[in-house]
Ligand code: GAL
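Only one chain is shown below, in structure tokens, and it's the form predicted alone.
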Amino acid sequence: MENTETQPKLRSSAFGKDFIWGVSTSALQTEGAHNIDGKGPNIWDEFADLGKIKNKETHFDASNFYEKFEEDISLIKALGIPNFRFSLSWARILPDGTGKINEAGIAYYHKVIDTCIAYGIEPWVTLYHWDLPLLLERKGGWTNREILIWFEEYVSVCVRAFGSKVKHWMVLNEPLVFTGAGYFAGLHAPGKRGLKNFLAAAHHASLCMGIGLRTIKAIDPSANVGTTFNCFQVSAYNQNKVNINAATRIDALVNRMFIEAVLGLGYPTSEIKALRKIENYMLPGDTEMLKADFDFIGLQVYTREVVRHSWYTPYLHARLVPASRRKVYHTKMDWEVYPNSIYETIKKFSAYEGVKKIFITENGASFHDEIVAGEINDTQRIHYLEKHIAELHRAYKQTDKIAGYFVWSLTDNFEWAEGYEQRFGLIHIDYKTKKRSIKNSAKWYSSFLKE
């Protein structure tokens, strides 16, 4: 197992004074307070109630950011991290998804934003991070085209409420994950399965990215607006033609499908024939509606994936070969530690003419963290961050499009279907007491940012 020094070899000054450095979280993974102060139920509330989370855990308390937000933001300040990315809970603002606004929810997020500003921390707000109001899912959720109307209303409420204080917005978080895992594989809420559900949800999510952008800009033309994509370097298992073609299909799905849709390039139907059925959900005018002139895009890079051909995998005829099976160094999530992936991914996305700026909006790792004599010496995470930031710097020297980097995540949190077993945080959470403990990786990041 590789180790690293606690002092960074590279400094943030190597990226220039205007480069954005931050840390990320999401509402559902941290807030808790799932049914108080007027918040309505969302799809993950039901998913947890049904026992679909590992070890039958729930996010109902999470890391209790709802009550601990000031403490957590003060820790961001103490660490010298100047930017904080977090999300808003749709059901906390509009409990039924549409209609009546929950003023207590609006007041809560005003307190969070005001606390950031008081500490000199710039808020970066994600509008949708996978927590759809349950009543909208009862109507079909992302498979129902009416979500275009519901989402426009939600975005409008948020920007009108917080737009005087928030200047940086991200419309959707990782559309492939919440449509693929939630509407095709059934692994995430709402637990639906099948190609039909996925294609409808994916197309509507693509349309909502453009709708969200135009809604924000109509209210605040000066706003800095982007959206985020999960992505990674894709490698063929070997140079056999069938494995190379399988890797091409996975790359088209993961790295090309959504970005090319919003850039007006269409869906990659020539590589994935099953995607041609997405035309069943397209109406006249959709091709133009898909185009979205974002100020920036967010890339969320954790690993690379190695792919081989598989006759038994429907539609794609490709499967991922786990890092543990390949016997390569990997995180607790069984994700290969492969820093070059962040460089290659930036290189790939920066080649699109329509991409103006790129932020790495998530990058981090889950390892086994242990408190020994009051200290969490998470050298594996330090090593991970150091090597990825070094590859980030290599990309920075080659393109002027890369403009910022956010660590995932601020604190340990609820990791969706994995429950609480995976810890990505710079700050350790004792889930019984909700006590915060600074990990050595947080001290390393703080040292890296200080001049």
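Fair warning: this is a prediction, and the values are worked out from it, not measured in the lab. Start at 1 with the first residue shown and count on from there.
The discussion below concerns the form predicted together with the named molecule, not included here.
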> For the chain shown here without its partner, which stretch in 66-74, 384-392, 34-42, 416-424 has non-hydrogen atoms within 4.5 angstroms of the named molecule in the predicted bound form?
Replying inline: 416-424
> Would Q300 sit within 4.5 Å of the named molecule in the predicted bound form, counting heavy atoms only?
Replying inline: yes
> For W335, is any heavy atom within 4.5 Å of the named molecule in the predicted bound form, or not?
Replying inline: yes
>> Given that the named molecule is not shown alongside this chain, does N173 nevertheless sit within 4.5 Å of it in the predicted bound form, heavy atom to heavy atom?
In response: yes
> Hey, in the predicted bound form, is T30 touching the named molecule, heavy atoms inside 4.5 Å?
Replying inline: no
> Which residue among H203, R249, H168, H129 has a heavy atom within 4.5 angstroms of the named molecule in the predicted bound form?
Replying inline: H129
>> Going by heavy atom distances of 4.5 angstroms or less, which of E137, D378, E362, E305 would be at the interface with the named molecule in the predicted bound form?
In response: E362
> Taking the named molecule in the predicted bound form, which residues of 34-69 have any heavy atom within 4.5 Å of it?
Replying inline: none
